[in-house]
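Coming up is one lone chain in structure tokens, specifically the form predicted alone.
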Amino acid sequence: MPADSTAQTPTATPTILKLGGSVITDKDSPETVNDAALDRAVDAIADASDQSGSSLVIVHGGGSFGHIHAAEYGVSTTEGSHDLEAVTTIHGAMKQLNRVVVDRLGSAGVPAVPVHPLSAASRDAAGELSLSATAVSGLLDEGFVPVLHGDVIAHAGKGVSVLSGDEVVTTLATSLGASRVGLCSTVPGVLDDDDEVIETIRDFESVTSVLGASESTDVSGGMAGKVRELLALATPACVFGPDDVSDFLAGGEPGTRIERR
């Protein structure tokens, strides 16, 4: 959790939706957007925006844009680099994907604007995250939909390290006082050993045996990392599949509900 996440709470407590990198990209083909999946998510967001005046923050993962380059340069949430090429390549790939997401949302009538964490976040030598949410709060108050993403950020003594989209979600949820948090993944929820959706998770130990490593290149912890981050929240969160974006935005609780005891 962040050491500092200063922001004034926006007038309306926002909903935070994360679009997983594995959902909106072909995670095994470098820098390839999954157009059909992204368009479906955008359509659901646009429909929800037409029907509700509530504020929304969108965060997206890196998929085949960020994770592959981060792995190439050996950069992760704990391992850093002072290599300028690593910084510009990883951040440049994430900006490229963010531009696609923002443009698709804009074309669908959603007032989406980009917010790049490289310019707003850092880690201290102990790894504690500081992410200012002041700009996000201000954009929400003015009726915009901020769109953030996983990124590289300054890490004291290590150059830059990876800030995962999941960390962005949980940090903003706390600092903005989010009313609802949802993560759209490639699966319909957190799955047990029989590939059935686990209805509720209240502690990490109860699901340790079923949270395996990500099948694709992922430098931010896979599903295990998501569950750990969400269990740290005061606000209950949902993990669900692409078919349930509309349900979540309409106020439903699809997939797996994650709430700490």
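All residue numbers refer to positions in the sequence shown, first residue = 1. Note that this is a predicted model, so its numbers are computed, not measured.
Missing here is the form predicted together with a further copy of the same chain; even so, the following discussion is about that form.
At a distance threshold of 4.5 angstroms between non-hydrogen atoms, residue 130 is in contact with a further copy of the same chain in the predicted bound form. Contact check for residue 78: every heavy atom lies farther than 4.5 Å from a further copy of the same chain in the predicted bound form.
By the criterion of a heavy atom within 4.5 Å, residue 111 is counted among the residues contacting a further copy of the same chain in the predicted bound form. With a 4.5 Å cutoff on heavy atoms, residue 160 counts as touching a further copy of the same chain in the predicted bound form. Though a further copy of the same chain is absent from this view, in the predicted bound form it lies within 4.5 Å of a heavy atom of just one residue from 190, 181, 172, 121, which is 121. This chain is displayed without a further copy of the same chain, yet in the predicted bound form the stretch 87-95 from 162-170, 69-77, 87-95, 182-190 comes within 4.5 Å of it by heavy atoms.
Scanning 138-166 for heavy atoms within 4.5 Å of a further copy of the same chain in the predicted bound form gives 138, 139, 142, 144, 154, 155, 156, 157, 158, 159, 160 in sequence order.
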